[in-house]
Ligand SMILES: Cc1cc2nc3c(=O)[nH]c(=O)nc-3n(C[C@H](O)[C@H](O)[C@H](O)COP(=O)(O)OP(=O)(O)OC[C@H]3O[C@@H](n4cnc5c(N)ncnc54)[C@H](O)[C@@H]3O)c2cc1C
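Shown below, as structure tokens, is a lone chain in the form predicted on its own; questions about how it binds or moves come after it.
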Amino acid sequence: MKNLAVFIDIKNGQLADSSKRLLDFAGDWAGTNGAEAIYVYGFDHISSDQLNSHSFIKQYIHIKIPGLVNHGQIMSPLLDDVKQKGISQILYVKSLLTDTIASFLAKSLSVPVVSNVLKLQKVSDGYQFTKSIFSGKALLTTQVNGDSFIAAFSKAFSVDVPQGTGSSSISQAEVSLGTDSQNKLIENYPLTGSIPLPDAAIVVGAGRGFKDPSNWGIVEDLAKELGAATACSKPVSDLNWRPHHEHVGQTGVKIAPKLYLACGISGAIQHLAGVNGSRKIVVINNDPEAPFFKHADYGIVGDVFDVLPRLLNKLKSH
């Protein structure tokens, strides 16, 4: 029996866009590679009609986490569930939580893990992966022999397969991880902001070109008008102009939105490493020699304090 597991990301009861794409891929993958069933695991409740079933999804399992996930012993119920269901392949989109759980499952099941996956295909003697390396500056093709593996997909991966039709017949179950007596969760501090940065379809990023944190109002107004999340470069977060969870780059959050609007950011290689998964990049900078223009799909040479108000007024008039 060869079954497939997909770990999904749920925000406020809604399926993340990257997880929707992964389920579309998984449904097509199961149909063409002989998987008997797909088991979907998540960390919150979700309605069955949000799951793109492709008729292969058999069950949704809610993983209940009463405390901190940082000790192997508390994850044994999940391991038992995976073994009992005969799961040999696990797919997920990278996140801190799923990386922690996947590392435990990989060690316990003795299966290889391939990270930053952009493409996966079956070959005659195993499975071939195309993955991103060196912070997105190069691609590597690697192969896993045998039927078992764990694949951590990059948020930048795309799919070219039919979208799931949805189903209300998917059964639901729960797995409780138990409490680690050595650790105690004292308080939870959720990140502020109406749109989580890693999941945003549109991101407005700003840098030192704004000169002072008091000038950030136009960035937030533009993001609100576009339904976007706000981001910043590392120097901005280092200066405490913006919260550190908005820092996008090699040492910060890595994003893959449909549109990234970079305002007053020169485009240092460390920043590019965090945004090169974006589908489209628009750069606004008053320096025509700014490195970011070499990586932009569209560019505007101009002062952000002139361009952004005009852009905002144009959006509001439509």
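Since this is a predicted model, take the numbers as computed values, not measurements. One rule holds for the numbers: they count along the sequence shown, beginning at 1.
Not on display, but discussed next: the form predicted together with the named molecule.
Out of the listed residues P196, G178, P235, P112, P235 is the one that sits within 4.5 Å of the named molecule in the predicted bound form by at least one heavy atom. The single contact residue among Q270, N276, S55, Q59, judged by any heavy atom lying within 4.5 Å of the named molecule in the predicted bound form, is Q270. The candidate site formed by R208, G252 and S266 is fully in contact with the named molecule in the predicted bound form, as each residue has a non-hydrogen atom within 4.5 angstroms of it. Heavy atoms within 4.5 Å of the named molecule in the predicted bound form belong, among the stretches 209-217, 104-112, 78-86, 122-130, to residues of 209-217. Remark: G299 does not count among the residues lining the named molecule in the predicted bound form, judged by a heavy atom distance of 4.5 Å or less. Among residues of the shown chain, D287 is one whose heavy atoms approach the named molecule to within 4.5 Å in the predicted bound form. Looking at K155, you'd find every heavy atom of it more than 4.5 angstroms from the named molecule in the predicted bound form. Residue contact check for V248: one or more of its heavy atoms lie within 4.5 Å of the named molecule in the predicted bound form.
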